[in-house]
Ligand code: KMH
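Below you'll find only one chain, the form predicted alone, shown as structure tokens.
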Amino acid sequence: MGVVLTVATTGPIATTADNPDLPTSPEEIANAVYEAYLEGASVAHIHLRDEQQRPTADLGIARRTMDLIHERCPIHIQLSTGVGLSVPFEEREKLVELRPRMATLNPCTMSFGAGEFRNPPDGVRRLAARMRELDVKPELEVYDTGHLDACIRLYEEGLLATPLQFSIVLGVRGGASATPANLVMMVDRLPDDCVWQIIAIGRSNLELTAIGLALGGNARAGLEDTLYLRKGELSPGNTPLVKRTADLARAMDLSIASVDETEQILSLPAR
């Protein structure tokens, strides 16, 4: 089958002051997701913002965003339970009660830029168990080798079902740097029969995406990962970044997975 292409429209940090085309309202996010779907994206990774553009885990905003996306296209929704550094874990974990097809599961507390990304072990186990009860597929975000080990422990405790779905996140200050050597090392340590994608933050986004595709991974694109289309040129929205990634995959003789194919590749629970 083809490459699963995920669009990450918004993220937890940047605002329209950083890029005026960043979508922040439910309507803007839904429109950005629809445009990405037309370019081949089959998964939408969703961060939510309030009216002041602050990260939020508000269930009403989340439900409205999901409903607007569903009205526009059949893309698979992946809610971020990372939300933002200022939002307590106990609020973030409630997002899975909306039963998206997927949601992030961040296994470890870490330094994240100038802040702290809090994911307490007992809370992570509780969230993993609840996601399994609700048939919400975990997207395991690993920012360093110890995070991968933590995910394996969750699997050994029976809290995760195979095939495991990993996102290797490189380039966040506090995690592993965005280098080809780090990507290859992380891929070599992945368990057999898992599914994975590269998330390269910042200036190394395109280079590491290409390497990830060559190594057999899936890809993610969007303003969450880089605000720039090329050096010194802000991307005019998410669509050019998604198109660039889809074109890159096709140039490597890789096909882009449809929504139906993605359901099989990621072994998403039935709805």
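When you see a residue number, it is the position in the sequence shown, counting from 1. All of these numbers come straight from a predicted model, not from anything done at the bench.
The same protein has a further form, the form predicted in complex with the ligand, not shown here; the description that follows concerns it.
Whether Trp196, Thr209 and Ile256 all lie within 4.5 angstroms of the ligand in the predicted complex by heavy atom
No residue of the spot touches the ligand in the predicted complex.
Even though the partner isn't displayed, in the predicted complex is Glu224 close enough to the ligand, meaning a heavy atom within 4.5 Å?
Glu224: yes, in contact with the ligand in the predicted complex.
Give a yes or no for Phe166: in the predicted complex, does one of its heavy atoms lie within 4.5 Å of a heavy atom belonging to the ligand?
No, Phe166 stays farther than 4.5 Å from the ligand in the predicted complex.
Look up in the predicted complex whether Glu93 has a non-hydrogen atom within 4.5 angstroms of the ligand, and give yes or no.
Glu93: no contact with the ligand in the predicted complex.
Evaluate Leu159 for contact with the ligand in the predicted complex, applying a 4.5 angstroms cut-off between non-hydrogen atoms, and reply yes or no.
Close contact is absent here: in the predicted complex, Leu159 is far from the ligand, nothing within 4.5 Å, heavy atoms only.
Per-stretch contact check against the ligand in the predicted complex, the hit in 77-85, 186-194, 126-134, 93-101 (non-hydrogen atom, 4.5 angstroms):
That would be 77-85.
In the predicted complex, which of the listed residues (Cys108, Ala176, Ile201, Leu148) lies with a heavy atom within 4.5 Å of the ligand?
Looking at the other structure, the residue within range turns out to be Ile201.
If you look in the predicted complex, which residues in 124-152 sit within 4.5 Å of the ligand (heavy atoms)?
Contacting residues: Glu141, Tyr143.
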